[in-house]
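The chain below stands alone, shown as structure tokens; this is the form predicted alone.
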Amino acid sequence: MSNVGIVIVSHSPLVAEGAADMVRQMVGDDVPLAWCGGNPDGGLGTSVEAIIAAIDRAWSENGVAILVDLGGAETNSEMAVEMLDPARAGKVVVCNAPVVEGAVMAATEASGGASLAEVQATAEELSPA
């Protein structure tokens, strides 16, 4: 059985890569992990296409949790989920959680075989109400 996958989406490719590096160093390779950041022109921003590709790279039949840094990343992540096949879209959630801490905690939970709902809840416990 594969663990829930984690996708990190940031406006900065360096922030996304750094957060993914922290996850790998703290959790290891037991969790499918992908990241994306920046716009197609190499500047700050996010890309729906890149988010879809990251979902594909981190895909797990048990689901994928997406962690985002800012509102635009959240909006584009939600658009990416809407563009997926409905059967896959139902297995992807965008977490309302801080991107770095949320990604590390979500991956830690996922590495223990937790469900998508449990992974999301763990990440979102970190978000101020």
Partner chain sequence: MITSAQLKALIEALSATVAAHAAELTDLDSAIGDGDHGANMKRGFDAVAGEADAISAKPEAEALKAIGTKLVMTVGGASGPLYGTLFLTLGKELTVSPDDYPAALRRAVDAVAARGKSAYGQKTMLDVLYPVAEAVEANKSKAEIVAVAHDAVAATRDRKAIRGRASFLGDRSIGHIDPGARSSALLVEAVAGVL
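Keep in mind the model is a prediction, meaning the values are calculated, not measured. Positions refer to the first chain, counted from 1.
What comes next is about the form predicted in complex with the partner chain, which is not displayed.
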### Summary
Only one of 27-35, 59-67, 75-83, 99-107 has residues with a heavy atom within 4.5 Å of the partner chain in the predicted bound form, and that stretch is 75-83
### Task
Give a yes/no on whether residue 48 approaches the partner chain to within 4.5 Å in the predicted bound form, heavy atoms considered.
yes
### Query
Within a 4.5 Å heavy atom cut-off, is residue 40 in contact with the partner chain in the predicted bound form?
yes
### Residues of 7-30 having any heavy atom within 4.5 Å of the partner chain in the predicted bound form, listed in sequence order
11
